[in-house]
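Here's a solo chain for you in structure tokens, the form predicted alone.
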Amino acid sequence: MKLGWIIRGVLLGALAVAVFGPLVNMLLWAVAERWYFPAKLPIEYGFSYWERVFRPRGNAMESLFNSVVIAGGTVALCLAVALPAGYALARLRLPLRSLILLAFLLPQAVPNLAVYINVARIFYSLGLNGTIAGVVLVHTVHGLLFAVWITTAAFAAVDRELEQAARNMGAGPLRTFFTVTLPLAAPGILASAIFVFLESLDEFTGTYFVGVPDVMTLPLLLYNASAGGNYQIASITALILLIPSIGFMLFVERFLRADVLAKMGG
């Protein structure tokens, strides 16, 4: 019995180190002024690197602004496609429905590097390389997976009898959609928007090939700092990226009930 508890404790401890170890290391680097091998902990603590990140001449705020604008544009484009597509896939008897849904998985199945190299070449000929619009289009291709699949599940989870009741009361198709179907599917649509936003916010490869050097985002800033061995700047940038993720997780926990999320898979 005691041996079982010891094994469980060891496993839980190993899991805690695997999950929280990198976060603790990142937090230490974010406040480390000097940290040299073989020291186990920072030799000197301070916030001078935070001042360097947020100073007017730094790129952090511009990169954060670009990242938020790109993520917002990606969400708008994805929802513009996902709302009609999700409703059609959930409500209409479309031929090859499964193949259509599978097609949205293809960008995740194909190696990204080869795709983005060719996309960059095409965008260069169209004048989209080095533009925010080009980066938004690349992010949208990946975001459509989350947007369409989750939106389709959200519309499929809406009880058809409620729509039929609204139609029996004299409501037309559009009024039924906007007063019954869309409000009931809204939690799932909101969830898809959050996933797309976070996916765009963390996207690196597509932004690198299409946006560099004119469009700088937080993931690119983090990569440049890490490649240059400036782990303090990289850790601070990673913390900035972490804040929206935690905020949206708390939002989902607060406003999207477990029973609503469970119905999305049906």
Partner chain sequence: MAGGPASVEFRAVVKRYGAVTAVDGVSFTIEPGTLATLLGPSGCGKTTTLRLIAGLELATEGQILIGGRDVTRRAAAERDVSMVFQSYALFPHMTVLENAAYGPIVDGTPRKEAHAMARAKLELVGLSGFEARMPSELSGGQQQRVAVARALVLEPQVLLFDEPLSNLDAKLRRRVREDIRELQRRLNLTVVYVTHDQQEALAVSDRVIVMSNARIAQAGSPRDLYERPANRFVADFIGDANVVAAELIEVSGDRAKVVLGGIALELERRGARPGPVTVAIRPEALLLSADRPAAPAAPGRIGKAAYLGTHMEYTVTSALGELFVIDRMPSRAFAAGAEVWISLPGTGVAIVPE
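Numbering follows the first chain given and starts at 1. All figures in this text were calculated on a predicted structure; none of them were measured in a lab.
What comes next is about the form predicted in complex with its partner chain, which is not displayed.
Although the partner is absent here, residue 121 sits far enough away that none of its heavy atoms falls within 4.5 Å of its partner chain in the model of the complex. When contacts are judged by a 4.5 Å heavy atom cut-off, residue 97 does not count as touching its partner chain in the model of the complex. Contact check for residue 168: a heavy atom falls within 4.5 Å of its partner chain in the model of the complex.
Taking non-hydrogen atoms only, residue 162 approaches its partner chain to within 4.5 angstroms in the model of the complex. Figure note: of the listed segments 67-75, 178-186, 127-135, 149-157, the one touching its partner chain in the model of the complex, with heavy atoms no more than 4.5 Å away, is 178-186.
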